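Structure 1 and structure 2, given next as structure tokens, are two forms of the same protein chain, each shown alone.
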Structure 1
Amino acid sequence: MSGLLPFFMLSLLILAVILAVAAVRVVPQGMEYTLERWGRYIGTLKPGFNVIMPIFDRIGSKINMMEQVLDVPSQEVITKDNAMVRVDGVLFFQILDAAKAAYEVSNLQLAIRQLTQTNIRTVMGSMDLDELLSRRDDINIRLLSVVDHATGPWGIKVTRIEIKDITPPHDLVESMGRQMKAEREKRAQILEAEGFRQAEILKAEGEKQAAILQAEGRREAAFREAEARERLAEAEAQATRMVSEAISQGNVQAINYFVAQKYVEALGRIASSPNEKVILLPMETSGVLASLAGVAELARDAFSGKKSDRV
């Protein structure tokens, strides 16, 4: 009997060491372990050093408490206007309560994925195709609100849902491409027409301004011409008055000067006419020459008078 005592003591020591090691649980950062005793949840082990009762307690579930990403598989959705599109997405969530995530739902990620796919069909099925393609942010917000509310009892928080791709059928994509091309051509034609209209307006404005300037120029020229004729008439009147005074004083050379001047002007107009190849001189040409002689004599008298005055 005394020989079995050391063996018994050694066995107890080994068993104590095994129990001590089994009682220690180290939980890494970002993880939490659920603790069960006889199959019933009794608590949650936080990150760090933890001690449990071996044999009676066991680790139930190891829960990742960090934010996780979950792919939402591609699926076909029928829109409100009966267009078939293929949609996939991605979901971000974080477990806030390890016990609820472990015991309120079985296969948490599958449940979240199925719930998200169902709500994608519900939300996107209530919208037209144009809304589907242009209001992706609204779709994400509506999905986030619905899925986060539905998964709240599972102890998780859905932080974000993003629709990755919306793929319409191939024939619909071709139709949309033709529509987009027609719309771009329409806008190009509108811009071209607008440019042509602006060019025509500017051209008309330029022609209008040119016509105004030309009219003002003609008016100014007519005014100048009338002024010149007025000056010429005044000069003619002054010359006529001076000749009349000379005649009244008995100066016959003044009459000759006046008549000769008119003859010369008439002959000048006849000679300068482009249609006249033959010039017919009137019979009174000799009179004209005599008048010119009178003019010369008148000039000599005038110059001689000036010389006598100088002497």
Structure 2
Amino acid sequence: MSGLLPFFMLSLLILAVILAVAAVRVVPQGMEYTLERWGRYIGTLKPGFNVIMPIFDRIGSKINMMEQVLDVPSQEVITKDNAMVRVDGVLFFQILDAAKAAYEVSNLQLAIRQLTQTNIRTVMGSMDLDELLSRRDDINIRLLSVVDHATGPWGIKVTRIEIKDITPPHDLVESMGRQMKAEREKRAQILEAEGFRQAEILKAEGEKQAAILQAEGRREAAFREAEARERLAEAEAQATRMVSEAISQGNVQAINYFVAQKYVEALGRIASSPNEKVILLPMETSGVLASLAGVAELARDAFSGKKSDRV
């Protein structure tokens, strides 16, 4: 009998070691373990040193409490305007309640992924392609709100859903490219026309300015010219007045002398012109002779005057 005692003691020692190993549970930071007694959830082990009752208690699930990234696989979505686009995304979530995440849903990641995929289809199906491409922020916020709400009972918080790629079909991309190009070309042409118009306006403006300035110059010139003519006439009048005054005070014959002198000078110029063969004489050549007569009269008067002076 006592021969088996050492074996009993040895097995007792091994049992103690195994119990010790089974009782101590060190949970690393970032994890939480659910604890089950007879298969029923009784609590959650927090990070650090934990002791459980061996045999009765079991660790249920080891839940990662860190924020996790989930790829949303790419899928075909039909938009409101019947365009078929390929969409994929990425989702960030964090487990807030380990027990709910462990027991309220089976295969949490698959559930979140499926939920997100169907909601992407719902949200995007209610939008036009153009909206889809330009309002990603709205899509993200709407998705986040819906998925976060739906996953609340699973004890998780969806912090972010981002649509990564939206790929429209190839021919649509091509026509979108053409549309963009046409849009830019339109803008370029409008700009060009605008420039041309501006240039023409500027040119016309310049021409107008030039014409105005020219007219102004002519006006100014005419004014000055008229002034000059006035001055000239004034001077002539003055001269005439002075001459007539001189005549009225002196002898009337003096004027004849001037006239005769001018006539003869003019005749001389005509005669000495290089075109000698034709000699033009004033129509009233007799006038010259008359002036000669005038000169004779002048002389006679002068001499008679001298005579009378002497007398």
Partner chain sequence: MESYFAQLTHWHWAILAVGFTIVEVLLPVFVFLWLGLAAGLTAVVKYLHPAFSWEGQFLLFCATALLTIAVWHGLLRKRPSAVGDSTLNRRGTQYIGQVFTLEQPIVDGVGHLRVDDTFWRLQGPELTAGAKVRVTEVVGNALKVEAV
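All residue numbers here refer to structure 1's sequence, counted from 1. Take the two forms, find the largest set of C-alpha atoms that superpose within 1.5 Å, and that set is the rigid core. Source: prediction; values computed, not measured.
Of the two forms I pasted, which one is the form predicted together with the partner chain: 1 or 2? Only structure 2 fits here, because that chain is the form predicted together with the partner chain.
For I14, tell me the Cα shift between structure 1 and structure 2 once the rigid core is superposed, in Å to one decimal. Comparing the two forms, I14 shifts 3.1 Å at C-alpha.
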